[in-house]
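Let's start with one chain on its own, the form predicted on its own, as structure tokens.
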Amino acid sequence: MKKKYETPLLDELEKGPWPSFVTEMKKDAQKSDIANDGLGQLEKSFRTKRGYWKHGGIVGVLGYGGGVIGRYSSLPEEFPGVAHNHTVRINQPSGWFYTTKALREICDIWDKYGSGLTNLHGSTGDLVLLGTRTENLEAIFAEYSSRGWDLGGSGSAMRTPSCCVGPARCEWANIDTLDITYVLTQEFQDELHRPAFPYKFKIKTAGCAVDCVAAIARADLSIIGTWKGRIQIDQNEVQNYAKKGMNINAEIVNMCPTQCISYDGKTLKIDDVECSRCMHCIAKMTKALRPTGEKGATILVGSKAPIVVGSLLSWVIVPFIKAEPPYTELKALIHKIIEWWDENAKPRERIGEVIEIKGMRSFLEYIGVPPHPSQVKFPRKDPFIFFKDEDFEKVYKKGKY
């Protein structure tokens, strides 16, 4: 008979209008010792203001160095159900598209070997399965892999590439985010499953600069869909927005980061040369504005959460690159970026930190990308990139500008 824990402190998290993980853990605790003892230990943590999880070294499945995060309780006698409480990451489909059959399959296997608790999704993208024992890991992997699922990334490795829903649900996607993510996942299988990097490396792909996956804030390498042509304007639809109450000058013109839009009450004009393709105006006036011309991607590098030098946002490395199958140029560029980072980083240094330490010059020279004004991180304030005269001479001779 499982011990039933009193959880007055956790009960507070069930109050209010929002769903609570505590409620779900209580449901699962009726059939799972892991969830039940997890509740007991968490209540004790709330009461004593101490954490009782410990990392017990590397744990995983044969042939894989990642995909499993080892976790043990430091109170195994008091809470035996969570003496082992490992997390298993499952590589999600591109754009997080699941059928109900697939979700039931995942949950049925997890109920068989683990706690039954899941997290959809982790910030990296993986479907996360919370709580199992070491002796169950090989069986879990065998059952999932036999049905076509794979483990995700963890540790100092390539993390599972993720993307927005792209052209599957969004007419504004400038690139096929789903295909790019699938192809890159296949390309970097060894880097995903066998950690050999200084630290983690995340790739996220967004179909446009609205960036629904927050790639610019959360990915070491961001692939953002963009275009080279003009923004097509339907002036009749512009007037419809105005008639329905939109203050076009306040909501569109004054919000443009490059101040390339003007509106005189009748006609909306856009100076496309000055446009940074941020998508704000298009996202606000979807019936009136539309990108035209050649589609491709902007490559940004360097965002991360605060650990060593604080949080960083990505900055542009390649303003425009073709993003069409088989993505030869894109894959070659990513390999070069990773090579430079791997050669120059200390343990637990993300690529953005290494660029700040080593400088943009050595990075650009190694990956073979010429300097460009778009690479300036702080426009008109602190360029921090210093160019030599010969840099510009090489570019002009090649006819790049």
Partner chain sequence: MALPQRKTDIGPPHYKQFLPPVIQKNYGKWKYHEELTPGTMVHVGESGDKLWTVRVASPRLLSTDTIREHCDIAEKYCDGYLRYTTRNNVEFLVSDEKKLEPLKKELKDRGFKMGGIGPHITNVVHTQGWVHCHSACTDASGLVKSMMDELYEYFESKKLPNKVRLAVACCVNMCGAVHCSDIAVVAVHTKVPTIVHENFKNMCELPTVIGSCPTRAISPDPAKKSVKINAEKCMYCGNCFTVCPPISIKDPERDGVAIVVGGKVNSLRSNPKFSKLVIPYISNEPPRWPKAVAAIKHIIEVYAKNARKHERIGEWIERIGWERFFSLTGIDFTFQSIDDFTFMRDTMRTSSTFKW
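Whichever C-alpha set is largest while still superposing within 1.5 Å between the two forms counts as the rigid core. Residue numbers count along the first chain shown, from 1. On a predicted model such as this, the values are computed, not experimentally measured, just so you know.
The following text describes the form predicted together with its partner chain, which does not appear among the structures shown.
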In the predicted bound form, does Y366 come within 4.5 Å of its partner chain, counting heavy atoms only? no
H121 near its partner chain in the predicted bound form, any heavy atom under 4.5 Å? yes
Spell out, yes or no, whether the shortest heavy atom distance between W227 and its partner chain in the predicted bound form is within 4.5 Å. no
So, S154 and its partner chain: in the predicted bound form, are they within 4.5 Å at any heavy atom pair? no
Find the only residue in V68, I337, I355, L42 having a heavy atom within 4.5 Å of its partner chain in the predicted bound form. L42
Interface check vs its partner chain in the predicted bound form: of L130, A323, I299, I261, the one with a heavy atom inside 4.5 Å is L130
Does the trio A102, Y182 and K287 actually contact its partner chain in the predicted bound form, every residue with a heavy atom within 4.5 Å? yes
Taking its partner chain in the predicted bound form and a 4.5 Å non-hydrogen atom cutoff, the residues of 211 to 227 making contact are D211, C212, V213, A214, I216, A217, R218
With both forms fit on the core, is the shift of the CA atom of N240 between this form and the one not shown 2 Å or larger? yes
Does A215 move its CA by 2 angstroms or more between this form and the one not shown when the core is aligned? no
Note yes or no: does the Cα of A173 move by 2 Å or more between this form and the one not shown after the core is superposed? no
